[in-house]
Ligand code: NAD
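Next comes just one chain, in structure tokens: the form predicted alone.
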Amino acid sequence: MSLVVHQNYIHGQYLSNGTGETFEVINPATGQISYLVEVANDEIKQAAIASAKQGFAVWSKMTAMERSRILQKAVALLREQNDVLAAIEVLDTGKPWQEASVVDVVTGADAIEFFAGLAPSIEGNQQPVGDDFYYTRREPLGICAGIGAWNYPLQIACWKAAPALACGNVMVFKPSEETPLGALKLAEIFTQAGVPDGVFNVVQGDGRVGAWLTLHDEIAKVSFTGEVGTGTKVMAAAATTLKEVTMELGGKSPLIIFDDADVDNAISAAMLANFYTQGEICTNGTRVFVQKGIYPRFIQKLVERTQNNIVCGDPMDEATNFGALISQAHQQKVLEYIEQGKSQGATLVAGGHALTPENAPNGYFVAPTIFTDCSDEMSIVKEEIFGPVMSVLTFDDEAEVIARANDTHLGLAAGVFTQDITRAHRVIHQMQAGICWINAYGASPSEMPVGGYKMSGIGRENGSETLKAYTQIKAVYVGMTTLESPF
């Protein structure tokens, strides 16, 4: 049986690259090729920019209310097609249907709905200056580039497109070559909703296509989600033309659990923060600091729940709550980190090996893994693994754990569990992280700005704050009196 070939999406339709050059997309749960995708060659790239310029001329001149109505139609289509789109995400990422069906499409649609609602509220201000005055306008930047990651492909495409389009920009989006289909479906939905041709184009390929986007002098902004090393390269390339950048990068986030915490609730958080989406979430709280007074009880219950409550297997099975890692190479990387943990003296109390479930024996699975007796210097504690590997550490007092939690070049997220409201806020205010939770973990509603401190990123996604990142201020001085001149 021949494989389906997907093309790049340019100016409201699929466009052949003319050469037939493709790359393969693998289903992580089976190890089999799912479909082929045409690479964006020079002809596609040129067409994408030309199309985006045409799209911007139309879209930016529409009123904010007109843009809002069209984007709201896209939201309705996303919600109507939730199950079809969620199944695509499962096919591409290996994550469980149980998650994708209620999170991935829903949160993407939420973001578009949120920014569509805000679009008509974008305004400038006016200020008297003597008898004269000036006013400001918030105007779109132009062509924005979005570069997505493979763990939440459709959601990330929505998160980047939503504020960009709401503000009157257009976007050329490059999804990860490992999960390229969701963005194409989003492009189809935008066209169906009435978004003008060229406003959201999708180009396909590896890092070379991303590098082209970041260097192109007609692109005004790059929004990138991915790992830190790639982010620094993207930022350096964007600097050659002084592009605006938003960077949502990696993390090694602390989850701090005090003696007075609700232990069962804290265990739920630790499991969500390490095993949800099989550990492939940038904000995951992979350094779990447990105060010594509750440590024995915490570990006992944590291991029991990990052994009894996790169902690994075919991600499309509704009973599965733990899926496959994105690729064989990534599976091997995670297993290598586990071996480092053992060799550096950590105690393995759960998992630590590859899994071959009966209903998905060829998938790239790694068992949910828990290490105890960890120290801050270990590789598994210091480095982002991006897999289901939890490091549990103990601490004595508040000052100590704050210092240890912040002792990292990353600063994406942090969580604190305690029933002491003053301590909760006191500690969270000292966390060097951009996304923080108190007695919760992982929630990221569209209303809340998210992004990192330090090497975890620049700028924010979601929340009204993001409107500033997709507009530029024009100041207009208005003279009301005869101009004085010495000449």
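Small disclaimer: the values here were computed from a predicted structure and weren't measured. Numbers follow the displayed sequence, beginning with 1.
Another form exists, predicted in complex with this ligand; not displayed. Remarks below refer to it.
- Within 4.5 Å of this ligand in the model of the complex: all of N151, T214 and G226, by heavy atom? Every residue of the candidate spot has a heavy atom within 4.5 Å of this ligand in the model of the complex.
- Position in contact with this ligand when the complex is considered in the model of the complex, options L393, I147, C167, C312, heavy atoms within 4.5 Å: Partner contact (heavy atom, 4.5 Å) among the options: I147.
- Sort through V234, V202, V389, I219 and report the residue having a heavy atom within 4.5 Å of this ligand in the model of the complex. That would be V234.
- Query: For D264, is any heavy atom within 4.5 Å of this ligand in the model of the complex, or not?
  - Reply: Close contact is absent here: in the model of the complex, D264 is far from this ligand, nothing within 4.5 Å, heavy atoms only.
- Query: Quick one: is T320 in contact with this ligand in the model of the complex, heavy atoms, 4.5 Å cut-off?
  - Reply: No.
- Item | Partner contact for P175 in the model of the complex: this ligand, 4.5 angstroms, heavy atom | It does: once this ligand is placed as it appears in the model of the complex, P175 has a heavy atom within 4.5 Å of it.
- Task: Report yes if any heavy atom of P163 sits within 4.5 Å of a heavy atom of this ligand in the model of the complex; otherwise report no.
- Result: Although this ligand is absent here, P163 would stay clear of it in the model of the complex, with no heavy atoms inside 4.5 Å.
- Query: Just one stretch in 350-358, 119-127, 202-210, 74-82 has heavy atoms within 4.5 Å of this ligand in the model of the complex, so which one is it?
  - Reply: Stretch with heavy atoms near the partner: 202-210.
- Query: Of 18-51, which residues get within 4.5 Å of this ligand in the model of the complex if you count heavy atoms?
  - Reply: Not one residue comes within 4.5 Å of the partner.
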